[in-house]
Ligand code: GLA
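Only one chain is given next, in structure tokens, and it is the form predicted alone.
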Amino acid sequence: MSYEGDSRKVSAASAFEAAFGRPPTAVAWAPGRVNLIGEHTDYNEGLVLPAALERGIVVAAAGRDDGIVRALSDRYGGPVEVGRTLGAPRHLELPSWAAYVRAVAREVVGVAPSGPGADLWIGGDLPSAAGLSSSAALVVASALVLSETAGVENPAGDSIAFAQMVRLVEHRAGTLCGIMDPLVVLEGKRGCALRIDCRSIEISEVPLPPDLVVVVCDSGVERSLAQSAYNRRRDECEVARGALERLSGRPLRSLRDATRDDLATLARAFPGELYRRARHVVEENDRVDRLVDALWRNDRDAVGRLMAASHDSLRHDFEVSTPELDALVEDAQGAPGCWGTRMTGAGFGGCTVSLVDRDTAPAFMARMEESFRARYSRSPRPFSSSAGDGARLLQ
């Protein structure tokens, strides 16, 4: 195990013991993620190209024999008793982070005959509400330690089933997310992005050039997807799919199956919003494989063009960008060492992702901070990361 893993475990174990007066019996870490391209395609059964980050969420836990699950966080607050795993009312009002813990406790240990409980301490260095999958990382890390303390089967033994469980927990919290976030949190590979086919769940590793790093800039616009237009975008994609199915006279399982000819047909019948939503999905799927090819070829210009086209489509066709995100993209484009840049995540706030030469990353981040602070009087809190590994118990 790397020193990094040991360091996280020691820090989390010390914080747990200070909070609960006993040592933890399990510590898990789960990364956040960025998506290099392929936005709003996952729930349309399309293609995505995410990478796990070196920042994430760490959860330490020890079992209880009274069925109570209690959580404390240096990130969110607490302690919060999320209820007895077998008997707490589901309508109990909890902070959103604690609601995730309650939901995952029910999925992992709620059916155990003894109804084991646990104390949990939650920490980490991943920004929240920034479009970096902090909720998926929280659910995954919590599930790993809860299964360990309860003595139930480790859900990571079947990563696809585990990812589907994480998605179910997020749906119950009100965010109708796709399968991408939990899959990359679980399956991240150091030095690689992952091309994920969200229909077949086929995962291919795409090595990133070793002299590149990912730079994340936070717009500072927090978003709550369950209360935003995210779910409405899903509905709009389904309406567009249904319209195309009627117009084409053939079954259309998802917008993944739409062609450019279909788009031309849709443009004639519904030239406004529905057409733009469908166009983004169809063209974004194509951009994923083109970016994979550009990365394999180390084609800096193609990477930049494709990431710029993706951002423009998210801004104009899917309408999920913000002025702050647009400003960050504008500031990054053409900066020395920057291959390409775009917003990442579902939008309505959150972060941009840029692929930057490793040796120019410090100057790039300083430039981004100076420019954004001049516009908005606050820092975009930039950080750099290599593509990292997926979630794991810290032994």
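From 1 onward, residues are counted along the sequence shown. As the structure is a computational prediction, the values presented were derived from the model and not from experiment.
Not on display, but discussed next: the form predicted in complex with the ligand.
The ligand is not shown here, but in the model of the complex it comes within 4.5 Å of a heavy atom of Glu39.
In the model of the complex, the ligand lies within 4.5 Å of some heavy atom of Tyr43.
When the ligand is considered in the model of the complex, Gly304 lies well away from it, no heavy atom lying within 4.5 Å.
Using a 4.5 Å cutoff between non-hydrogen atoms, Ala61 does not count as a contact of the ligand in the model of the complex. Ala346 is the sole member of Val27, Ala332, Leu49, Ala346 with a non-hydrogen atom within 4.5 Å of the ligand in the model of the complex. Exactly one listed residue, out of Leu255, Ala103, Ala118, Cys177, brings a non-hydrogen atom to within 4.5 Å of the ligand in the model of the complex: Cys177. None of 51 to 59, 352 to 360, 30 to 38, 366 to 374 except one has non-hydrogen atoms within 4.5 angstroms of the ligand in the model of the complex; the exception is 30 to 38.
In this stretch, 304 to 321, not one residue has a heavy atom within 4.5 Å of the ligand in the model of the complex; the partner itself is omitted from this view.
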